[in-house]
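Presented below, as structure tokens, is a lone chain in the form predicted on its own.
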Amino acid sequence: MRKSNNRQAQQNQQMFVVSNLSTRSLREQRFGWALVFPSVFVILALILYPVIYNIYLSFFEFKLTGGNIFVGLKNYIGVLTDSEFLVALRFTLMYVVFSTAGTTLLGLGVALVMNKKFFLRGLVRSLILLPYVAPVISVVFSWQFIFDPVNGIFMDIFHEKLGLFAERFSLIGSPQTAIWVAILFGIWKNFPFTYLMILSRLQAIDETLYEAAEVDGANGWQKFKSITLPELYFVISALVLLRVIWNFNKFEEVYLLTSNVKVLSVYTYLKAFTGTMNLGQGATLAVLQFVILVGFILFYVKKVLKW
């Protein structure tokens, strides 16, 4: 009888402890939500509301004087059948693909070099970050001067000195050539971020892996292929995803360097806020960009990052 009472008392005590832990856990969870709620509310208010309103606006002919007219899918049909939209989409894909590939490959190459020990390595590492931290407006003006057809350094070298061009011309004056200047500028401006992220991961790789590979007779390429790349896979994959998102929405660098390159972000701005200011089609372009980008992210995360 006494044993039965002791067992019952132990069970009651255990239930009391479990109940207290459950209550404490519930309180902590509620307290955590209370702390997070203001930030979540602000983020939803600043992001979710504009997205929903923009989708709503894409179905209307927007008038600044009020009295918006519902037009259904007219804006979408008008945008998708517009030849300028197809040109903007082509320029955007070119910019995203080549600038992303360029920043990734250049950042990887520079990170591999900077991971080696040499004299004044710290100073060189710091100088590499200058393009990324420099104000966009100042470096854009510098690049515009470089490619100026009259006084620019580029034409002075390739036309006057080397004679590779028969006459002077502006590389940023034509959309067909300006897109490549914009891509080069994007690579030069943004590769330091990729370099820095890859370098930080390179320094975290266990050196014993390379030592074991050397014992097995592996050469430099084999060590890079079998050790370095697998260790960098997730970092590079994440950087590519981030760079695609940023480049797809890139506006200030392209627009300031040359307004001739109408990528989707620039085309949306020109359609919505210049000339006749067709805000309905501008909202439609923003929705299409959002859908394209979300589709790519879902595909990339599933197939590449394997989340």
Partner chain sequence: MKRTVFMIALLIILTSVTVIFAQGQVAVETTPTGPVTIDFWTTETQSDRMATIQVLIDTFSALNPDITVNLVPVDENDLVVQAQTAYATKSLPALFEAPAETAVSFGTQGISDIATTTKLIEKIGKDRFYSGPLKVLETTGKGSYYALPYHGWIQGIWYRSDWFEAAGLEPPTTWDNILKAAKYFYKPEQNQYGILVGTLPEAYTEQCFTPIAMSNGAALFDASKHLVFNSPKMKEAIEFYAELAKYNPPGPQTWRARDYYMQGKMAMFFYSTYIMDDLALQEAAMGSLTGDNFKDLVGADFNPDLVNNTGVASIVTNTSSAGYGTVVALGLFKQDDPAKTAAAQKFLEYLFTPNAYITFLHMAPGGMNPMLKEIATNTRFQNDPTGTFKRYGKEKMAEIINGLENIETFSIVGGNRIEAASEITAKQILPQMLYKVTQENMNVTDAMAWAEAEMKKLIK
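Numbering follows the first chain given and starts at 1. The structure displayed is predicted, hence computed values, not measured ones.
Beyond what is shown, the protein has a form predicted in complex with its partner chain; the following relates to that form.
Although the partner is absent here, P131 is not a contact residue: none of its heavy atoms lies within 4.5 angstroms of its partner chain in the model of the complex. Using a 4.5 angstroms limit between non-hydrogen atoms, D216 is distant from its partner chain in the model of the complex. Under a 4.5 angstroms non-hydrogen atom cutoff, its partner chain in the model of the complex lacks R243 among its neighbouring residues. Contact check for E211: no non-hydrogen atom falls within 4.5 Å of its partner chain in the model of the complex. In short, of 203-211, 114-122, 166-174, 219-227 it is 166-174 that has heavy atoms within 4.5 Å of its partner chain in the model of the complex. For the options T81, N151, S126, S142, the residue carrying a heavy atom within 4.5 angstroms of its partner chain in the model of the complex is N151. Distance criterion of 4.5 Å from any heavy atom to its partner chain in the model of the complex singles out F31 from the list F251, Y56, F70, F31. Residue E61 is the sole member of 42-63 found to place a heavy atom within 4.5 Å of its partner chain in the model of the complex.
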